[in-house]
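Listed next as structure tokens is one chain, alone, in the form predicted alone.
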């Protein structure tokens, strides 16, 4: 058995791991948690002596913990600000997959359509009933109930919130001026819940509720999702294909920090984003640093096959090529990390 583990280690990274289990810790975004859980499990099957402990606590918590270096990596859907980057010299964003934030609701309405005006109106508290004339205008032939709308939102520092409010700030001048965008905002109305899991549960258990969650959570809980009117004027259902379309024309910067909400494109879904792992370019711990970078290499290659089945969009090939160069530039205690055998 030990020979088998050593052989796997050599095949994936060029060196054998120590016989005692090596634990890599991480914390952050709930948005990609379903996929990351599978990745960590699958990778552990390849390397039984390498384990991951990931705490799904929200992007704000992930940024905080990696900045304080209490974990080996952070995870976020919210791009770190310049101020946050200054507190964590040497940190880099590694995009892992693309995801979609959907507007989900608890009601019998089929194929509900929402425009930027009605989405922002609901979350601003200006639209308070499902049979509001503005909603009826965009949903001809749909029987909208005379039911009060209960808004559900995140209570924790959240990358999903950052993506959603980034979109609202782009499409609604009123939202931009009154609320703004960020991991945490002062919500005009609604009930808060922790994590994508919490908002999903709140919507599922509250008749008339509406909230925003990652696509996988809505699908797994069989919650309906609204079609959203995109920049090109088309109503688009959230899907992997529509999420990928949002990234099709993006000019990816060298630091990977880019917003793709409200992207142009006939079939582009308007609330899409990259999600990231946060790591330091120079790793302090040799064993952990080498293992972590080799895992990241695996994630952007073999790991991408698990994305679509879990409702995430794989990275575009051009982005994978840029991430490869970033990983090749990472070091452990100032020394390069051999990645040739990880290819």
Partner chain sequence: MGGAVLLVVGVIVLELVQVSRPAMAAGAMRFLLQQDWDPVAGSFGALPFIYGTVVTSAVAVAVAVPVSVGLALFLSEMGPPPLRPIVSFAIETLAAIPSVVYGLWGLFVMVPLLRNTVEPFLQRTLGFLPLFQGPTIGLGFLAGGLILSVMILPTVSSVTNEVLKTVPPALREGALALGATRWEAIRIAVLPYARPGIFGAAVLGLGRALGETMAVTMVIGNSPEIHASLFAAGYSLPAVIANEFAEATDSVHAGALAGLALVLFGLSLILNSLARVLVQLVARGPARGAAS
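None of these values were measured; they are calculated from a predicted model. Positions refer to the first chain, counted from 1.
Only in words, not in the display: the form predicted together with its partner chain, which the text now covers.
This chain lacks the partner; the member of 303, 60, 26, 289 within 4.5 angstroms of its partner chain in the model of the complex by a non-hydrogen atom is 60.
Site annotation in the model of the complex: the residue of 181, 252, 226, 94 reaching within 4.5 Å of its partner chain with a heavy atom is 181. Under a 4.5 angstroms non-hydrogen atom cutoff, its partner chain in the model of the complex has residue 84 among its neighbouring residues. Not displayed here, its partner chain is kept clear of residue 169 by more than 4.5 Å at the level of heavy atoms in the model of the complex. Taking non-hydrogen atoms only, residue 115 never approaches its partner chain to within 4.5 angstroms in the model of the complex. Although the partner is absent here, residue 257 lies well away from its partner chain in the model of the complex, with no heavy atom inside 4.5 Å.
Listed stretches are 229-237, 185-193, 96-104, 134-142; the contact stretch with its partner chain in the model of the complex is 185-193, by a heavy atom cutoff of 4.5 Å.
Remark: all three candidate residues (153, 202 and 206) come within 4.5 Å of its partner chain in the model of the complex, counting heavy atoms only.
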